[in-house]
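First, one chain by itself in structure tokens, the form predicted on its own.
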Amino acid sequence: MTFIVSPPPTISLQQLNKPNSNSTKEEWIFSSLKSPKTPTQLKTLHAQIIKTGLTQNDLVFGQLFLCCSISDSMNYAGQVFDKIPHPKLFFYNAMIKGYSINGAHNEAVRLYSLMRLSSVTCDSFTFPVVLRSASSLKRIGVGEELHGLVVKTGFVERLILQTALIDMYCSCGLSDRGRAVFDRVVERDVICWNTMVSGYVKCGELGKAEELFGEMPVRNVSSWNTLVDMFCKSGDIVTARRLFDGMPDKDVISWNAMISGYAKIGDYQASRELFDAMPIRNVVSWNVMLTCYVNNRKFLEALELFRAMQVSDIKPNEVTVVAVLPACAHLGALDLGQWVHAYIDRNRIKMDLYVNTALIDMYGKCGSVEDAQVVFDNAVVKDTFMFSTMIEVLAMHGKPEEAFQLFSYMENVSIMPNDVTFVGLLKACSHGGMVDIGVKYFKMMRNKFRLIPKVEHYGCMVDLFGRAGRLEEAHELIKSMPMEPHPIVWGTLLSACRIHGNVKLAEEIAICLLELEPENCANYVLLSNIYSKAGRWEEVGKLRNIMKEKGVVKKPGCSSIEVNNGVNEFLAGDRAHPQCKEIYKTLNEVVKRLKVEGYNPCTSSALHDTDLDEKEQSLIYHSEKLALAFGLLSTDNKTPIRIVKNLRVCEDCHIFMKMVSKYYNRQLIIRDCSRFHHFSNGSCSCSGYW
């Protein structure tokens, strides 16, 4: 499926150079500066101001600064401002406002301090803007200084300043002082009331907020929205919905708050019902619904919603792409992920840290480590989270040396690692069987970076020792953990017992696990696998009976493959696909050819005590083999086949994929629950270590 989205229209330089003949040059420039401009257009207009001698016109020059603020060009505004020998109050106000509305609150406060040092007197336009920045930064010292100046300059009775002071004190956690200002206001408007109610919410005093809401003589839609949002965020969805249903008027913010409230408690169906009922939606509505689907692991629904957004009148923004990229990542939908990336470039969506990191994660989880590396290398600004994401991508693709090199580079550029960084490094060691290096990094956390290992790090170390066959060391590490071992840690050791066939230790661990998580099917399945591999079918039968008695159902293996922007899912023995006949025919032909080449089904991977033919049949129709057959049917020989499986790839499927890569000359990239397998020319990137 192809989507074509046109880039936003821009004003050409030719248009800028042709003022309307009915207006003067001054009026034309002033009017042109009222709408957002590109950097080139701003420079052109600035040149016109200089050329026409309007640099002494405060109104026009001040409007240039304001235009920079709405054009995301405050750096250019700063360059122009810094060249003015003695800036006037109007210019200071325009610059401070520009920084504030662009979220550069530290710059706004810095410029205010410079203004004071330069003995430029503040006016009633200065105070509200600087107070807003002080509120955002929770700079109570700046706020108190401003309060003193407001009193000293005689502006204290102005309602807009009183309201700004209420917000500042409450944003700094001082609701009592905010209430003191509120109580001194003689004629309060609804905005003043709303600010105080919102102030109580900011300070976590929900009872006082509800009480003051009840005292309001007049309410507007913002008043109701504050209360609805408050109860949604506190988890009281019933009260929030009662208030929402009782609102005399609702705006898009009301609907978004309620949708977000249901999303917070995981009720994506209620969120979608409200979303569909909305009379008007904005980009926030779509983003909230997309995030709701992704957080509830409804990835296909998220992608369908994103497709619907393309044909709506709402244009996606950077929040949208950060929300939808994880859906592409989890499904392994590389084609759609690449389309989203192209859409970002085409529409000049800001490539900030969050967007770049989401792209790296998406490419990594979709099997394209090369594209992830390109995004990382091209990112202008990198932080700890981005480095950690790239290290984890390299780890899951079996590239430990590259992960270690990136960590060294990270140290060289003085970016401090965090606990997530070391999870990636330890995974790289585990997937590469590098026990000694893993121990080194584990000790480095505490000794060099003063990071206390968490349960995730102990889990990685147990996995590292376990995969290497050092089961007793792994067991001793669990027993020495400073915190209560999580069931996942015990499960990791149980999985290692399966790899190395240690039935005795597996039984000991399984008893512990089944007490901790009696309803978790994975523990029963792992132990059953260990018994079946050892040929202890009686114990396998007993386990299955226990599962039936307790109502524990095995999680089915599921594999997905993206073809032509569509994600196709398969279960073992699945016959629901529209091309079922062709898929099974292709798979049987592949099996027949591979048997000629020496393929012998690994029947130890079969989990039922049946005859040899039945075991072979059960192995042939595993979900990843069905996905592979569909990939062979649907793609040309040069296209890599990418498959995502929710469980570990079994030994038989692993052998099968290696042979397909060799005798069909196809590149196969399979992501299972723990890592990537890159199959090429009969070998796998995991080197049999998975």
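Just so it is clear, the model here is predicted, and its values are computed rather than measured. Numbering starts at 1 and follows the sequence shown. Rigid core here is just the name for the largest C-alpha set that superposes within 1.5 Å across the two forms.
Heads up, the form predicted together with the DNA isn't pictured, but that's what we're talking about next.
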**Item:** residue 467 within 4.5 Å of the DNA in the model of the complex, heavy atoms
**Value:** yes
**Asked** Would residue 402 sit within 4.5 Å of the DNA in the model of the complex, counting heavy atoms only?
**Response** no
**Item:** Partner contact for residue 397 in the model of the complex: the DNA, 4.5 angstroms, heavy atom
**Value:** no
**Asked** Should residue 150 be counted as a contact of the DNA in the model of the complex, where contact means heavy atoms within 4.5 Å?
**Response** no
**Complete:** Answer key, the DNA contact in the model of the complex at 4.5 Å (heavy atoms) among 449, 125, 409, 385: the residue is 385
**Complete:** From 194, 529, 373, 296: within 4.5 Å of the DNA in the model of the complex by heavy atoms is 194
**Prompt:** Looking at 204-212, 503-511, 259-267, 91-99, which one sits within 4.5 Å of the DNA in the model of the complex if you count heavy atoms only?
**Reply:** 259-267
**Request:** Residue by residue through 226-262, tell me which have a non-hydrogen atom within 4.5 angstroms of the DNA in the model of the complex.
**Result:** 226, 229, 233, 251, 253, 256, 257, 260
**Asked** 2 Å or more on the CA of residue 576 between the shown form and the other one, with the rigid core superposed, yes or no?
**Response** no
**Request:** Align both forms on the core first, then report whether residue 216 has a C-alpha shift of 2 Å or more between the shown form and the other one.
**Result:** yes
**Prompt:** Quick one: once the rigid core is lined up, does residue 194 have its C-alpha move by 2 Å or more between the shown form and the other one?
**Reply:** yes
